[in-house]
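Let's start with one chain on its own, the form predicted alone, as structure tokens.
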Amino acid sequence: MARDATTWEAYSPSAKNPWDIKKVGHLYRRAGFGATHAELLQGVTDGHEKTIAKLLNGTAADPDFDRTSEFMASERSMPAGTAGVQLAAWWLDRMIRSPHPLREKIALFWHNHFATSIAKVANARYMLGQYRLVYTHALGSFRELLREMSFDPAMLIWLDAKESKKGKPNENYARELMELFSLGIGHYTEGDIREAAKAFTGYDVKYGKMTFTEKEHDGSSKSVLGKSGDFKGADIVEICLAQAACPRFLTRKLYAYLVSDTDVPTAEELEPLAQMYKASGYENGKLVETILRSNRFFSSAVYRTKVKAPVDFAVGIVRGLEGNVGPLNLANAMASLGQVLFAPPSVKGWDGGAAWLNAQTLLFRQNLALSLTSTEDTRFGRRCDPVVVLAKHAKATDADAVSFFLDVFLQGDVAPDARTKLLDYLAKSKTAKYPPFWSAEEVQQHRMRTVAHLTLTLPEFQLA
């Protein structure tokens, strides 16, 4: 698609590009973790302005969500030795039930951007604290996020900054601050890293908090990215933020995350976004809103062009079926799909995109979809039962069931033969052989659960 001056202008529905259930589904997949049947219908009724605003602002949390997910209660219930899988389960539960899915989705982006793993940090309290940091600033200030992240206990341990002392500076954090967190490769020198590392000496973690010891800090003059002075760590952060490369680097990453990682815009095409972001003082919410409201976001060129991350795949199923699964079992299942929350594979985070899918992970996705929908897996039982959601929405016939699942999970956006095959399965399954002790009701329930699973194995469901 040729891009022009209207690329970043606000989308306005037209006869050629109408606001419909496909647009609502697209918005909820990219700015959340998929929509429920009610959210899809409400989104169509409300129109694009109100629906986008709802995602940007979130809705009121129910008391049960506040009670089980509020930070102070979570910190009390998860001591330092808590297993990483329990942390992951806690976050998955938030993603499924959150009144602010966009904030969780952008917190996940920053978690991957500042990729830190409990495997090395080995302290659940520190990891929970880092999550709280990215969630707090997810749609707030990147400047504040980067400042605080630079002295976050989990990060200090993860990148060995706590070992960095006068005379023996450790370069890990200085390097990743420039390469991965703010500027990108090619916008700094090895000399900049060596000098910046001196500024990050003297920082440590004691009693769960960052501490600074003056005598262990290198107080000499340093030259970093064209600036000279007796810099401390916070000064280096500000120097990085002042570089022209910083807003461009971050804008490109957020574009890939929210819009497309295959349709790559030129530097000139992204420059208006980068300039707006910098002028706003690095307000993440302003950048995210501009992207989500844009003509580019709602263009056909980027529709279903992203492979779903495992978290999006799994949480999208549970949300679509309005399930209430045990998040610990869901968290345990995520390892085989390739994404364990709080445990990215390296400081670079998850590669994402096409790397999410191969023959093995695709099989594991299909198996998880079967486990969630069949009601035969003891990990999930009937807590995500397609039969229950069909009854809730009064979908009684075979045709109703197929339309419901295709609408919820794909907004009807499949080739006609896919719908025909699902209907053919249901027609043939009426005369199939079942265990003689099954009642007619049990046969019908099996058929509905199977067609739900078949819907989730369609290629289109792998794409966001």
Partner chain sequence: MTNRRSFLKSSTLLGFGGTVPTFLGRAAHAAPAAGKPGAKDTILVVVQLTGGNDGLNTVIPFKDELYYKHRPTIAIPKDKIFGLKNGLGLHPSFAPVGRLLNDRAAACIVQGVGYPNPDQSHFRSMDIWHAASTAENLTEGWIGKALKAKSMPAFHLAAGNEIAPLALSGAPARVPSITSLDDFQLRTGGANGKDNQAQKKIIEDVAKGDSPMGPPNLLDFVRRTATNTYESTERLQQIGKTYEPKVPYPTSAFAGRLKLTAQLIDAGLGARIFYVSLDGFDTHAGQGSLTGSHANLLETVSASISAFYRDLAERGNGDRVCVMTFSEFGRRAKENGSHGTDHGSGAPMFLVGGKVKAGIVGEHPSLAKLEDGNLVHAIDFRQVYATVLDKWLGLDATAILGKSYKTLDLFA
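Numbering follows the first chain given and starts at 1. The structure displayed is predicted, hence computed values, not measured ones.
Absent from the display: the form predicted together with the partner chain. The rest refers to it.
- Remark: of stretches 428-436, 55-63, 39-47, 399-407, the one touching the partner chain in the model of the complex is 428-436 (heavy atom within 4.5 Å).
- Interface residue among Leu180, Leu357, Ala80, Leu241, judged by heavy atoms within 4.5 Å of the partner chain in the model of the complex: Leu357.
- Checking Asn332, Thr213, Ser223, Asn172 for any heavy atom within 4.5 Å of the partner chain in the model of the complex turns up a single hit: Asn332.
- In the model of the complex, His453 approaches the partner chain with a heavy atom inside 4.5 Å.
- Contact between Asp261 and the partner chain in the model of the complex is found at the 4.5 Å heavy atom cutoff.
- Although the partner is absent from this view, Ser346 contacts the partner chain in the model of the complex, with a non-hydrogen atom inside 4.5 angstroms.
- Heavy atoms of Lys198 never reach within 4.5 Å of the partner chain in the model of the complex, leaving it off the interface.
- Heavy atoms closer than or equal to 4.5 Å to the partner chain in the model of the complex belong, across 388-425, to the residues Ala415, Ala418, Lys421, Tyr425, ordered by sequence position.
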